[in-house]
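Below are two forms of the same protein chain, given as structure tokens: structure 1, then structure 2.
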Structure 1
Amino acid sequence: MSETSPPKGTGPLARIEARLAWGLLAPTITAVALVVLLPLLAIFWISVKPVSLADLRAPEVVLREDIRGDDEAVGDQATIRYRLRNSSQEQPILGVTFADTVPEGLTITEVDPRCTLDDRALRCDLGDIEGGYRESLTFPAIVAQPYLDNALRPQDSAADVTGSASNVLTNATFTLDNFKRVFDGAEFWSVFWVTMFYTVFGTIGALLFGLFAALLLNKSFKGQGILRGLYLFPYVSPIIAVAFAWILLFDPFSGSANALLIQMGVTQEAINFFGQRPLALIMVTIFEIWRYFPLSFLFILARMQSIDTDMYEAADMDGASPFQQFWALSVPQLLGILSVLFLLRFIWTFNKFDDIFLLTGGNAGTRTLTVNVYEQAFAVSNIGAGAAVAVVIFGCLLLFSAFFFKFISREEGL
């Protein structure tokens, strides 16, 4: 008796299809690997290196070449001078050599012991040089007629310099100092709590405002399209433009908001909205809500408009009041999109950098983890510490994503 079963393994057609699929995906995968995965690996590498902004340039031999003395007439005594220095003050450069061609018509009369002259080819071997090294090598030479006829001067032909320095980014020095620095003392926890406050309240606020706005516009009337477009303005305009508009609006000296509040008698003297704790943190959170409520509004509105209206009519017949309908019918229908939005926005708010950077620069108790990356790497010039903060952020991100995927696999859509 022969057993019938579905074919096992992959047939030739399936293989062709898979090959085509990978072919179509290859450009994307390559590009993403180069710009996303490689930098991510680099971040992990840098985070265990003692590297500062100044170390980004590997030490190198700087060589300048000129001719001194008279070189105007045949028989003049001139000196070819090579000035060398190590661009780094600390790090040595190993196996430094340079080679140059002496211009035609110059005859070198005396050669430095470290150098050899073969016809017009000059070659010097300086061995290892220390950090902060500088030296001038001089070669007396006699000028002959061809040199005067020829416009070529010693500095016109660049000398060929070799030498290898150990680059802090590629050598085998590792350190955990960066992480120690990051987790040191109370600073990390204050940064962490600021981030959590900003993320949690920013996310929830944007969701609630989005829900409110969606409820307002979930009916058709004249001008609905215009209002919908208007309510998306904060989200589509360039962050830098709206951030500066807010800074001007809330300026403590000449901001309109302060003038308005004083005139209305709410406050006696100007409030420094973005400059004092804890108001600055509340303000950047409000800004976050203001800028991103349109996104939640859009998604929630789209979901609302796909809900069957029959259900509401039936509920109306049964005597359910508007608020009861909202709680018992709308909210359960919207729960899916709300929770997905919450998770997505939570992750993105956690990752947000531009907004706080532009509004306060991380001052007045608004330094979040992402601003700390910039602060450590560029303000303090400690790239290693910046990378260490980035690794911490990435760790949190993985944690959130794991949660997200576990959840979203149950929650269809998006």
Structure 2
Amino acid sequence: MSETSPPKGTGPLARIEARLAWGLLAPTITAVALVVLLPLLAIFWISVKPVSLADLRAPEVVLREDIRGDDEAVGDQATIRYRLRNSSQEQPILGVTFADTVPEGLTITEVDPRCTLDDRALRCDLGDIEGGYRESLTFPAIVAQPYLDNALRPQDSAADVTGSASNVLTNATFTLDNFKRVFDGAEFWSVFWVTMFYTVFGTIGALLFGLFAALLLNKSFKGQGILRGLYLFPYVSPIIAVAFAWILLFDPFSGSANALLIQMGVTQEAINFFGQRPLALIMVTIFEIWRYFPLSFLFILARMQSIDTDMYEAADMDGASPFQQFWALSVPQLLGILSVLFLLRFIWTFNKFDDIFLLTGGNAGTRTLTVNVYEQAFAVSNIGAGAAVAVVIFGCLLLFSAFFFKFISREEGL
């Protein structure tokens, strides 16, 4: 008797279904790849380019023309002036020429050696010009009656300017100077440890306060709905509003917190909460915990309410204390959601920029990597260095994610 066994491999129907599924998913995968991968590749590309804010636009010849002197009557002597400059201070422009048509009724009496005049057609070949180049070309001219009749001035017709320049964003020049600048000296590691302090304590604090709030509100009592709504206030309020509220509250001159501490005798003089080290870093971390614990609270409360209450009733009958019930029953059930929240909160806090920038502007020892990206790119005008810091942030989060999934948690949902 022959033995029967399940079919192996994929049949024709399964292959057709797989192709159909990939065909349906292809537009979504393509759209996600374009949205996610293209900006990421652009950041990596810029991080190895010596590019500043001024280099974002390709170098070009800027030309202005006007007429100077007397041009009100026949026989007056005027001067047609062309002012040229290279828009870039660093990049040269090759093969610069410009051509213009002299208005009717103006007779040029002297031509620059680099220019030719054919009837009214003026053409100048300036060759290659260096970065920061500026020059004014002047052409003496005599006014005739047609010029007065037409009222057409030299600046009324644009000159045709040509020239080519290499764009630092698209040429083949690559450098690691941006990364050398980022890692040069002890500044990077100072910023990195500030970022780690803010991220680790901000993440763990938000989770613990969220867990504590969920334990409090997991019981039914009068006013439970109103209290849950109030707990969400920090998270749903506009960041600009709550940040300035905290600044006013802890202001060293007019803040209510300082007035209360002085009245209670805790301190004899006002405390500059957001202006002195290391208190400023502690304050922005507390702000992070206060603002984002409601998100943890919502997820943990939802998970707690889905736990079967029969286990707690059985534990009660066995004489387990509330702490033993929490540790032995609740915590194992919450590990999955706590792991997900820790991963998400760590990544979001590591990338957080607006909170710190609004509260301290990155001063008083609160400069994190994201604030450093802003300062390098826009305060120092070094886009390449800013992109290099962004690549470092990406690398740190990639390492953290790999470490998290390999060693920390394999709980439900991960």
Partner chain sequence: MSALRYGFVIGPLLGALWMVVLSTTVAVAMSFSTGEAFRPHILLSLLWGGIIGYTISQRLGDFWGEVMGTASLVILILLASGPLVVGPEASAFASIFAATALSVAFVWSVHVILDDMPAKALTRHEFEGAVIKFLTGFGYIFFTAIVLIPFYVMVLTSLKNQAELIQNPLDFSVDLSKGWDLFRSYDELFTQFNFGTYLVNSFLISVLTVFITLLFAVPGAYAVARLRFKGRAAFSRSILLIYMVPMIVLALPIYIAFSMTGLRNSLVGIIMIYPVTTIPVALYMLQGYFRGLPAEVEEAGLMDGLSRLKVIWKITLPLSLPAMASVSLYVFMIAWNEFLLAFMLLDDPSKFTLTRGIASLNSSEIPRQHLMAGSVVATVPIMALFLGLERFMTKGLTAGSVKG
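FYI, numbering is relative to structure 1, first residue = 1. Between two forms, the rigid core is defined as the largest C-alpha subset superposing within 1.5 Å. From a predicted model like this one, the values you see are computed outputs, not experimental measurements.
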* Either 1 or 2, the form predicted alone -> 2
* Is Arg303 among the residues whose Cα moves by 2 Å or more between structure 1 and structure 2 after superposition of the rigid core? -> no
* Asked: Taking the rigid core as reference, does Ala259 move its C-alpha 2 Å or further between structure 1 and structure 2?
  -> no
* Asked: After the core is overlaid between structure 1 and structure 2, has the C-alpha of Ile142 moved by 2 angstroms or more?
  -> yes
* For Leu63, what C-alpha shift in Å results between structure 1 and structure 2 following superposition on the rigid core? -> 2.8
* To do: Please state the CA displacement of Gln77 between structure 1 and structure 2 in angstrom, with both forms fitted on the core.
  => 6.8
